[in-house]
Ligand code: 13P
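Only one chain is given next, in structure tokens, and it is the form predicted on its own.
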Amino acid sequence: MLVNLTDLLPAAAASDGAVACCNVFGIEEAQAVIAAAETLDLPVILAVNKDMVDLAGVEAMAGLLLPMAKASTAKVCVHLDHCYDEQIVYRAIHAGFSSVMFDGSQLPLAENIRRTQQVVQVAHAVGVSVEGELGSVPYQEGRDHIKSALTLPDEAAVFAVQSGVDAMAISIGNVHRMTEAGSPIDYTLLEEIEKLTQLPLVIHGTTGIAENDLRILKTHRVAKFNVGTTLRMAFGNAIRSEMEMSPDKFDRQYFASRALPALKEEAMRVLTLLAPSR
């Protein structure tokens, strides 16, 4: 069932759990993540990142993911991750994405609010949810131009009200693309932000956060955790192992199909870790 963030995050924010937002790069990852969600009877968000937008375009990714989401017995949101270009956001909306993220985190506050407002106006008119970001979550590798800036609570209060977004990504020590847990989470900062806004909050860089911290964070108003690196590592390591065991094989699908169980298992681990208690 295709849903958007407003179908998922308000309830998650009010609970002791959150929804996993999993980066997917093709049909195999999407199949494994959706299968994990169906097995656990949990909702999930499929995220298309900038790398896939640059490679395939939003129209092709929509054509791949939307039929899978609509056919699933789980609630599945198809979400455009970190996008800095409004024209690509609008193309994604037109292509059928149920949710988009306009990332104005590199902009001054007033410009971030102004441009995010414009995206919200278009998206909400057709039932598409919008995520914004305040502060700036850095990358461990790959995007050196992205600044590192903690979210300021007073600015968060203004952004939450004036931008009109449905969810707000925050920077409280989390870091994108870490391969090992070690991000120091500033809980005092999180609590100050929570006092000043009622929006569902989003954490990017989940792989770099220790499991105990994730268990604590999900009991706050953090309703969405973006997960990418740990899934890529599980899939990539499984493919590498299969290739080493079968040096005479060369078909991509041969290796991918044998690596899917490892990817589904890791997706199930993440979804279970973030899920509310039952």
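In case it trips you up, residue 1 is the first one in the sequence shown, and so on. Everything numeric here is computed off the predicted structure, so don't read it as measured data.
Although it is not shown, the form predicted in complex with the ligand is what the next lines describe.
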Residue-level question: is residue 177 within 4.5 Å of the ligand in the predicted bound form, judged on heavy atoms?
yes
Answer with yes or no whether residue 229 is in contact with the ligand in the predicted bound form, where contact means some heavy atom within 4.5 Å.
yes
is_contact(residue 166, the ligand) in the predicted bound form, heavy atom dist at most 4.5 Å
no
Taking the ligand as it sits in the predicted bound form, is residue 207 in contact with it (heavy atom to heavy atom, 4.5 Å or less)?
yes
Partner contact check in the predicted bound form: of 243 to 251, 229 to 237, 33 to 41, 56 to 64, the stretch with a heavy atom within 4.5 Å of the ligand is 229 to 237
Within 63 to 102, which residues come within 4.5 Å of the ligand in the predicted bound form, counting heavy atoms only?
81, 82
